[in-house]
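A single chain, nothing else alongside it, follows as structure tokens in the form predicted alone.
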């Protein structure tokens, strides 16, 4: 199972990122633990200064923009 974390404070871009992550996981038919991290202290402790950010299995993949579903699928398959 893959762990996907979406870091953000709850802005529209963060919510859209979560929806895109959920759609990518659904389309790939994989099991994933999707977590929303909205604690600003934790976000900053990871060195993220722009949100949303996506971490897959603890590794930073996207920062400061909303990744599309296709990009997320590629990241999850790679």
Partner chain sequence: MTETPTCSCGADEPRRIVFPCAGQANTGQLSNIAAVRLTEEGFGSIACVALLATGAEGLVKNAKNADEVVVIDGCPAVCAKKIAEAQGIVPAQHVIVTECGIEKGPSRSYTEDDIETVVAAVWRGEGRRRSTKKREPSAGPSSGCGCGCDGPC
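Numbering follows the first chain given and starts at 1. Since this is a predicted model, take the numbers as computed values, not measurements.
Keep in mind the form predicted together with the partner chain is missing from the figure; the text below concerns it.
Although the partner is absent here, residue 61 lies well away from the partner chain in the model of the complex, with no heavy atom inside 4.5 Å. With a 4.5 Å cutoff on heavy atoms, residue 57 does not count as touching the partner chain in the model of the complex; it lies far away. Residue 27 belongs to the set of residues with a heavy atom inside 4.5 Å of the partner chain in the model of the complex. Contacts to the partner chain in the model of the complex (heavy atom within 4.5 Å) from stretch 22 to 59: 23, 27, 40, 44, 49, 50, 51, 52.
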